[in-house]
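The chain that follows stands alone, in the form predicted alone, written as structure tokens.
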Amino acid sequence: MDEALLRSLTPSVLGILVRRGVDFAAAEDAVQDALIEAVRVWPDAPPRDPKGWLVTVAWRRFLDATRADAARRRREGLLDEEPPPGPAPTVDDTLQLYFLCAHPSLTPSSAVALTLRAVGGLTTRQIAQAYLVPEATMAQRISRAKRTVSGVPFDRPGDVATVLRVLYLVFNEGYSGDVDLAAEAIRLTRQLAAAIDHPEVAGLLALILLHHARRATRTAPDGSLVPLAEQDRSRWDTASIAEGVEILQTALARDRLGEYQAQAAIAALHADAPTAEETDWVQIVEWYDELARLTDSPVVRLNRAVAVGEADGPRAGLAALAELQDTLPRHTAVAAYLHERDGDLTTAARLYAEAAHKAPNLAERDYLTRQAARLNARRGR
């Protein structure tokens, strides 16, 4: 049984049913029934047209459910519209399915879960394991999301920016349980890039490929964080870097700059440096200027302060940092780093300890605590 084939066909089959007027939740249930039937039947009797087979079986499952449920009598007008035998339509509705799953009325967590379920083809159990929540909790979240989008017209204009935000959220979840969400995000973004010609889709794909290329070096064997400057660059995935850079260059050549392209350009400059000392920080500052212009994000300006500190010296970085509110996430950690670079170990150690108390996760807290301890030990010598 070719599970990859089933997963690749799922969004298109689901899209065909929804386009025919089937409620999203009912369509998703019918497609899942068809997939179960395929797993049972195909090993002994593989169909000549797998997509057409799935459409026919899913449609019949929907009709069976419609007949059995009195609450769905309003759909009885569809009963005589069973598709004729033969190849399924070649139109791929995957793109509209992306837009539907990233509908603005959904919360980010619901949009991510629904995208993984409907477009990614993951099971509810897999998604629950990835998010470290009970399967029943995730099932309720997905059901609420499906009810929310059930009345949304399937052919509404798509919001590419919302879809990209959802895919980037999926990528940043990383790996948990038996599902590699980073790899899943790359797969889904590739699929989106094949369906739509948009420079920011290409920008996101380039960005996540460049970030993913460094994945193996981001943590030590004991699980502790390894900062970019200390990573073993010989272990970076050069094939992913080359692909990401090529995709980025093609997107930039279209002269329609967006935030994901700018972020990818920064990641490419890091990837291009043979050593941390050879990083072109001046260009990185320029790209952060572009990114700040595009997003007006204080987090972008915080990252820019670090880059300024590398390009023009720690005091210039501290001056840039002083323009930002100290309530920003990781503001204290950046201040600690820049004070250490400036030689003020006492202030840096204090700030590292403060940053550790504010850290959003255990790995960052442990890293910052070690930095404070390291500087305190140096001061005690």
Partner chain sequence: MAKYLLLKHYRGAPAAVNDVPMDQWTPEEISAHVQYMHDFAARLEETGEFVFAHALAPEGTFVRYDGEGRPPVTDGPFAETKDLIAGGMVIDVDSYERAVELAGELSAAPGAGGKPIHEWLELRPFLTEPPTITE
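Not measured: the values here are computed from a predicted model. Residue numbers count along the first chain shown, from 1.
Just so it is clear, the following notes concern the form predicted in complex with the partner chain, a form of the same protein that is not shown.
Of the residues given (222, 277, 230, 296), 222 alone sits with a heavy atom within 4.5 Å of the partner chain in the model of the complex. Stretch-level contact check against the partner chain in the model of the complex with heavy atoms at 4.5 Å: of 53 to 61, 33 to 41, 323 to 331, 350 to 358, the positive one is 350 to 358.
With respect to the partner chain in the model of the complex, the three residues 362, 366 and 373 uniformly fall within 4.5 angstroms at the level of their nearest heavy atom.
In the model of the complex, no heavy atom of residue 4 sits within 4.5 Å of the partner chain. Along 122 to 147, no residue reaches a heavy atom to within 4.5 Å of the partner chain in the model of the complex.
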